[in-house]
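To begin, one chain is listed below as structure tokens, in the form predicted alone.
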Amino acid sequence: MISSYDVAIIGMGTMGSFAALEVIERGASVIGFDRFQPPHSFGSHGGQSRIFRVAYPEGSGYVPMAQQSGQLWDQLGERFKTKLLHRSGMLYMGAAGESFLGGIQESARVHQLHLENLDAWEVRERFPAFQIPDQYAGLFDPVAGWIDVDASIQQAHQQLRLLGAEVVLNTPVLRWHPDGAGVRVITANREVRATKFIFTAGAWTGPILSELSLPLTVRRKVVTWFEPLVPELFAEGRAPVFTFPENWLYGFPIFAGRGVKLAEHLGGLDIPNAGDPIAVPDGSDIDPIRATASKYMPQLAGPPPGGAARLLDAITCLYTLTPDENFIVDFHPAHHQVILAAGFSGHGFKFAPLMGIALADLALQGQTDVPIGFLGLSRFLGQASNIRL
């Protein structure tokens, strides 16, 4: 017998978890599938934590969504009785007057965001972990911080089960096909029917929706944790989230005793198929991160050029990028009962609860008030967007 649901979701990691939660809280039935067991390292959420920021040089459309998402994270933390968004502040550092800081300053100016302008001496005095050169400056965003990824996804899944959602993990979806106004979803041992179907499959979106030839690139990224030479300078509450211009290196204060997390937002190796074996991190991945840390944070990594910090761990995760690095959130152009959310390009996690609202709106109402028109699939297909705002 084929079970029926109001909404089926492929991909129960970042966006799928929060979309499912929003759907079931509105009284609709939902089933979610994932080929792994989130949280995991096969998507862009791998690595324990993600930055939350509001001053957004990637595009002005993200700023109001980031502000609303921050409120949602705070509310979810209170509801789950687990702190999810840690507003440690975020410190951007770079050469004064250059584009790395300029884009952030312009975003803050346009949206009237409060950032603190710090010269190099002020940065070194206030945050002694960062020994930046005199020609550098800092921008400090007091409302930014980081999100506990693992707790967010785990809490969402726990709540889904309490509310009666069906979450089917470690189970790839083999096929899907339209069935009248609905969709049939087929796994190795089960077939279900849903009125609406949401794709949030991350790096597996392109192969599953091969008929659309989506312009998605899967990129291998490496995340590291180092044991600082002076740990107290990087303790939570003393050090903020931080970033430097070299390959957009970013890092976090010590959390849960795991050391200082460092990674590069830019760079990485493109891979043809997310299902292929992923190379484990090696010196070519780790040495540039260590060298940049040594340059600006000798109390973390030791003096340049190489530093001496002990590597605690290194893992890979997968970014799924669009050509313009803006997300795709839209209806399937041929099947209006199918919604896709993809290409979150390494900066999407912070928007997860708001994307959950938008996806539930599209599935249950056919439209949304969330301002996602600029994320439509039309920019790649050369046709009008299906999103009604």
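Computed from a prediction, not measured in an experiment: that's the story for all the values here. In this text, residue numbers run from 1 along the sequence as written.
Only in words, not in the display: the form predicted in complex with a small molecule, which the text now covers.
Chemist: Can you tell me which of 94 to 102, 310 to 318, 287 to 295, 225 to 233 lies within 4.5 Å of the small molecule in the model of the complex, counting heavy atoms only?
Modeler: Partner-contacting stretch among the options: 310 to 318.
Chemist: Using a 4.5 Å heavy atom cut-off, which residue among Val63, Leu364, Ile357, Ile51 comes into contact with the small molecule in the model of the complex?
Modeler: Among Val63, Leu364, Ile357, Ile51, a heavy atom within 4.5 Å of the small molecule in the model of the complex occurs only for Ile51.
Chemist: Under a 4.5 Å heavy atom criterion, is Pro178 part of the interface with the small molecule in the model of the complex?
Modeler: Pro178: no, not in contact with the small molecule in the model of the complex.
Chemist: Please run the contact check for Lys221 against the small molecule in the model of the complex: heavy atoms, 4.5 angstroms, yes or no?
Modeler: Because a heavy atom of Lys221 falls inside 4.5 Å of the small molecule in the model of the complex, the answer is yes.
Chemist: At 4.5 Å between heavy atoms, is Ser152 in contact with the small molecule in the model of the complex?
Modeler: It does not: once the small molecule is placed as it appears in the model of the complex, Ser152 has no heavy atom within 4.5 Å of it.
Chemist: Should Ala301 be classed as touching the small molecule in the model of the complex when contacts are defined as heavy atoms within 4.5 Å?
Modeler: Taking the distances in the model of the complex, the answer for Ala301 is no, it never comes within 4.5 Å of the small molecule.
Chemist: So, Leu216, Gly268 and Asn273: all three within 4.5 Å of the small molecule in the model of the complex by heavy atoms, or not?
Modeler: Contact check failed for every one of Leu216, Gly268 and Asn273.
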